[in-house]
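Below you'll find only one chain, the form predicted alone, shown as structure tokens.
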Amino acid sequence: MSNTFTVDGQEVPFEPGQTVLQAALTADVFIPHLCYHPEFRPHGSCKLCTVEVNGRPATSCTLPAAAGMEIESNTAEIMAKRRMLLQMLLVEGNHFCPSCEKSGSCKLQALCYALGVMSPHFDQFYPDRPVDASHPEMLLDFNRCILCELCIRASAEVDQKNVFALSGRGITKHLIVNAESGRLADTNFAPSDKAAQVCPVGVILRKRRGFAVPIGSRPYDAQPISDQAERFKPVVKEGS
């Protein structure tokens, strides 16, 4: 049997060791996702990439690809669940796009447009988490955090600094800075860190760089995220 599976009837080849999401993105088949990043080991926290495999739900970012799998991703039921997840994320934080520097580059915003989420649907939480502007070059707006943990993983695995962490449980879970003061200025965080580059929303921003790329010229302005699978293809390391 060849190393292929199907996604909504489309045949997708895969290499041994790839997950369903990795193989699909490599084949330019887009499966909506938020917490997955091609440079990090997936851990399935957002559940947006959930698909049905032979009739059973599974997160495609953590599911090893296997020959003969029949995967459904764009059914009415799955898409409705994805829209609900996005709607819940919208109300759990401050995602007022017109005032956000990340607009046009925001993965959450782009997925909402792609999946037809035009309103939050649920009651707003109105979080009141302090903005951290203590660092001379970087700004943290915790009110926009979607708990994807990408900055945590990047800081620990790539930067070797462990600047970020999560605190609390359930509805109280939130992003924090690993410093006794809780301030970014009291860490060794730098704009060149990988953790400064991976946030899919508008939490981690450079100061004095607002709108350096004008609206209309940003990644998701001209082309929907669903047509940009190439942006999320797995990184092939030398020697692998």
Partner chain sequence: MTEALEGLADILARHGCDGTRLMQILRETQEVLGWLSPSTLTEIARSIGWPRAKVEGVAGFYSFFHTEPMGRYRVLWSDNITDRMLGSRELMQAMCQSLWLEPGRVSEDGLVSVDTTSCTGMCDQGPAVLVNYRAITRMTPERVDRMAELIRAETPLAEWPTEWFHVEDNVRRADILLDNTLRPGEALKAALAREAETETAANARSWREGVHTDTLGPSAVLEEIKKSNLRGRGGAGFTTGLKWEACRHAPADQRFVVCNADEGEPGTFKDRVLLTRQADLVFEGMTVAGYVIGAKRGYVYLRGEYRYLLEPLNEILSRRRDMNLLGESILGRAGFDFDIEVHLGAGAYVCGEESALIESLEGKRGVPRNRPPYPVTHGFLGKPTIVNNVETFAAAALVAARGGEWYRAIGTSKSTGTKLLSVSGDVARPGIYEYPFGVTVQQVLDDAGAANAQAVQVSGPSGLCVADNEFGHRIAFEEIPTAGAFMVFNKDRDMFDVAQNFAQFFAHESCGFCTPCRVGTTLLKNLMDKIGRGHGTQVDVTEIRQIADLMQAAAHCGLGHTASRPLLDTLKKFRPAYERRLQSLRFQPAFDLDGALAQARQMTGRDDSGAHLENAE
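Residue numbers count along the first chain shown, from 1. Please read these numbers as outputs of a predicted model, since none were measured by experiment.
Below, we refer to the form predicted in complex with the partner chain, which is not included among the displayed structures.
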Does the trio D28, P38 and L140 actually contact the partner chain in the predicted complex, every residue with a heavy atom within 4.5 Å? no
TL;DR on 67-75, 131-139, 94-102, 115-123: the one with heavy atoms within 4.5 Å of the partner chain in the predicted complex is 115-123
Would A212 show up as a contact with the partner chain in the predicted complex if we use heavy atoms at 4.5 Å? no
Give a yes/no on whether A154 approaches the partner chain to within 4.5 Å in the predicted complex, heavy atoms considered. no
Contact between E149 and the partner chain in the predicted complex at 4.5 Å, heavy atoms? yes
S60: heavy atom within 4.5 Å of the partner chain in the predicted complex? no
Sequence order please: the residues of 195-224 with a heavy atom within 4.5 Å of the partner chain in the predicted complex. none
